[in-house]
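The data below hold one chain only, encoded as structure tokens and taken in the form predicted alone.
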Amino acid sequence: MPTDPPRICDYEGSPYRRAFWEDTDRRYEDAAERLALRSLLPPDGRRLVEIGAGFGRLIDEYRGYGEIILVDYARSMLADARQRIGDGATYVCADLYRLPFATGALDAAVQIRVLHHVEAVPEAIREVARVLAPGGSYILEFANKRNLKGIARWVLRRQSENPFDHRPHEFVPLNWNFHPSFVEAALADAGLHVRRRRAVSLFRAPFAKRALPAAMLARLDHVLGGPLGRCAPAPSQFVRAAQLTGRRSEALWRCPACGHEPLIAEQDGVPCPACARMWPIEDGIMMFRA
């Protein structure tokens, strides 16, 4: 059961970009995720946030949005993103359980390769639901425990984890696999309505990646991923959920410490008149970690 407060997976100082993406061949995974994102994310809007954006790998997929906000808990990740991207985004260091955005402020939220590090999933999803404006979209990816490889391994008694058990499985510290029903129940409890599903990374195996070029494999993955989305046979599952209720906020900021909103940004930071906190801007990064 989750602890109180939930543990947080902190990538501060991690060589994630180099070690995970650049020094290994993940061209197929990158291309497959981009195709899934393009098919699910509305092409334009006013404000978009990517939660757990890391070094900003997917920034090019958001160019139709007027304001792009990259959120991560690790300041070093955001510094890396800012060095690569420059002024093309707003960089926010924050806790995903206490997002510094006004209620109903955002048109879209994207969260890819993040949920498998989240201990308190219902709480995290409720926070995303809070910041979405009516009609807003939530593109969520999660590690799917009920994938075909997991089922086969369980049947052959090569793993003890039951892929049909709806409870999250922490296979190493701060890394969870989820049953699709668990995630969709958390979305529903937060008032978010699942509109579409996609199975992604159907061919995440060394022999498949050796047999076909990454672009071709990703295209095949994309063709099959939509029809197979409801069955969820892949290790990665994407969903698009919609926020249908609430009120849109023209303001953007909220105090993550006391919940006061709206806040008005100043040149050197964002002051909260309610609790007298000053959330500083340091080297172009808005520091909202309480």
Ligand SMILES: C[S@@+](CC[C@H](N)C(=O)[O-])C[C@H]1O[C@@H](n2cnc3c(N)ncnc32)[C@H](O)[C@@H]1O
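Start at 1 with the first residue shown and count on from there. It should be emphasised that the depicted structure is a prediction, and the values quoted were computed from it without experimental measurement.
We do not show the form predicted together with this ligand, though everything after this point is about it.
- Residue-level contacts in the model of the complex: of His116, His179, Arg197, Arg130, one residue has a heavy atom within 4.5 Å of this ligand, and it is His116.
- With the partner omitted from this view, the residue of Gly45, Gly229, Pro256, Gly52 that lies near this ligand in the model of the complex is Gly52 [heavy atom within 4.5 Å].
- With this ligand omitted here, the record of contacts in the model of the complex names 90 to 98 of 181 to 189, 198 to 206, 144 to 152, 90 to 98, defined by a heavy atom within 4.5 Å.
- When contacts are defined as a non-hydrogen atom within 4.5 Å, all of Trp21, Tyr73 and Ile112 contact this ligand in the model of the complex.
- Though the partner is left out of this view, Ala274 does not reach within 4.5 Å of this ligand in the model of the complex, counting heavy atoms only.
- By the criterion of a heavy atom within 4.5 Å, Ile125 is excluded from the residues contacting this ligand in the model of the complex.
- Mapping the unseen interface onto this chain, Met77 counts among the residues with a heavy atom inside 4.5 Å of this ligand in the model of the complex.
- Of the heavy atoms in Arg57, some are within 4.5 Å of this ligand in the model of the complex.
- For the stretch 8 to 32, the set of residues having any non-hydrogen atom within 4.5 angstroms of this ligand in the model of the complex comprises Ile8, Cys9, Tyr11, Tyr16, Trp21, in sequence order.
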